[in-house]
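Okay, so here's just one chain, in structure tokens, the form predicted on its own.
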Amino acid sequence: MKIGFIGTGIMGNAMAGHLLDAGHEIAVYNRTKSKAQNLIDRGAKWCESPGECSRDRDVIITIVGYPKDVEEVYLGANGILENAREGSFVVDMTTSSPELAQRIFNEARNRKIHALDAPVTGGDTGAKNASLTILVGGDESDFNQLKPIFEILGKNIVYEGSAGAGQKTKAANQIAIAGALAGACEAFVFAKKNGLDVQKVFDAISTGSAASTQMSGIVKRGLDGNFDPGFMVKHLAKDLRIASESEIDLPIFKLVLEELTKLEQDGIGSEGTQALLKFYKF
């Protein structure tokens, strides 16, 4: 297939690479060209704008930063919907607003374009290993047509429902992550401040009923002094802000959002989410 891929950051670069490896013809756009250079060197076509990356493509995939970026690349001047051909598919894999996903779906349908919201979870490791979980909203028939593309990128691929359902499911995922991340951080802060050997505590609790991906896959990096991002503090904070637009009273994740926001204000937003340890002065 002829695929346009917009957003070649930590996640998107590896994902576009898998599509190249699968034999698809890939065009790429990213605000910073150097972040796509390795893909260009492997045969991807460079485009100067989202609109150019969308023309004459069977599928256009996006994974960008924030809802405002999604809105700009889809609905802005020289954007995706203005340039995509009738009958093509557009797939936003950014974690974004459910309401914006519905707007894009409706505008795409008016233009006879098929739109899916398909945010992912699994972080940089999942993107590199093509083992992402992909949460899809939109028309089920469109999902079924694009499932072979999703299967190149992930292992757990779930059709969640109508437009926006993928984004709502991702919000639920991030709410669960927030509690697990904070709980793991607090456990090791407690251990350290009570004079315990943190490594021994980790060895004891990381395989029992307290075990979690956040503990073993994320917080452990921070315990080892590694705060490089697999998933950035500022991006989890963004995701939780989207979830906080709901009127449902969910106090735990809102507390974690306050903690992440403080880290952003302290200049730590581009570190990995394991940097939540720093909030507790670990």
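Quick caveat: nothing in here was measured; it's all calculated off a predicted structure. One rule holds for the numbers: they count along the sequence shown, beginning at 1.
Just so it is clear, the following notes concern the form predicted together with a further copy of the same chain, a form of the same protein that is not shown.
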Using 4.5 Å between non-hydrogen atoms, is residue 249 touching a further copy of the same chain in the model of the complex? yes
Would residue 207 count as touching a further copy of the same chain in the model of the complex under a 4.5 Å heavy atom rule? yes
Non-hydrogen atom contact residue 121 with a further copy of the same chain in the model of the complex at 4.5 angstroms: yes
4.5 Å heavy atom contact, residue 259 and a further copy of the same chain in the model of the complex: yes
In the model of the complex, segment of 66 to 74, 36 to 44, 213 to 221, 52 to 60 with a heavy atom within 4.5 Å of a further copy of the same chain: 213 to 221
Please identify the residue among 146, 127, 171, 108 with any heavy atom within 4.5 Å of a further copy of the same chain in the model of the complex. 171
With the partner left out here, which residues of 139 to 170 have a non-hydrogen atom within 4.5 Å of a further copy of the same chain in the model of the complex? 156, 158, 159, 160, 165, 168, 169
